[in-house]
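One chain comes next, on its own, written as structure tokens: the form predicted on its own.
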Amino acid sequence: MANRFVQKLCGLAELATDDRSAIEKATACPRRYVARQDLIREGDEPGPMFVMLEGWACRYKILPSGTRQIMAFLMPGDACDLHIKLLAEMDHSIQTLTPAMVATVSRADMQALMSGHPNVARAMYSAQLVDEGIMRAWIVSMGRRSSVERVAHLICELYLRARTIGLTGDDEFALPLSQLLLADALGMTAVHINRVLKELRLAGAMALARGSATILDPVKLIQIAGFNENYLHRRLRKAL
């Protein structure tokens, strides 16, 4: 099976055969996790860098009221926190959303990999900048987009991210996110999410089924979202 981490980094920098082999070696011993299992919790001492090889995860915080805010979705190929070991403790938690295969790379091993393979370092730094762009886009959504725009924008983003690593069909892609998870990510209730998804379906823009999403009319969905993919910096990716 293809190493999604290698696949993602190859889209961000020109990686030679020895670069790809070094990445594969660093992630060669993944651990299997069940769904809804914490990889690390808020308050824990930061450890190695997590690399998602299969499955989805999320970053989240639990508020004193018990409510949850999801701050990022992690897909196959995503790496969690290149420099996290510099912090004294975690300020959020990371949890799998589906069964997952997750590799861990120590800070020392990652530093050795990046110093010995400059193009890998370039790809890693580029990936980190894209992650920061996604975070800024989420902040804009939470602050200024309407509920319909917010949902449409997230679906556009997730579709393009999935396409980058080869996880899409023609207009359909795997989306293992319940309405409750979408609600926790978008600052809405599950009931409100349900109404918005129905509105988007009736508008002929998209449809959400159990475990997948279908883009019925890409132009209409983009127009509803006011979507501009510049923050994903896909011009870095030669394959698309």
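A residue's number is simply how far along the shown sequence it sits, counting from 1. A quick note: this is a predicted structure, and the numbers were derived from the prediction, not measured.
The protein also exists as the form predicted in complex with the DNA; that form is not presented, and the subsequent description refers to it.
Contact check for residue 47: no non-hydrogen atom falls within 4.5 Å of the DNA in the model of the complex. The DNA is not drawn, but in the model of the complex it has a heavy atom within 4.5 Å of residue 178. Proximity of residue 98 to the DNA in the model of the complex falls outside the 4.5 Å heavy atom cutoff. Though the partner is left out of this view, residue 146 does reach within 4.5 Å of the DNA in the model of the complex, counting heavy atoms only. Interface residue among 188, 174, 40, 203, judged by heavy atoms within 4.5 Å of the DNA in the model of the complex: 188. Annotation: in the model of the complex, residues 136, 161 and 163 none come within 4.5 Å of the DNA through any heavy atom.
Taking the DNA as it sits in the model of the complex, the stretch 21-55 comes within 4.5 angstroms of it through a non-hydrogen atom at just one residue, 36.
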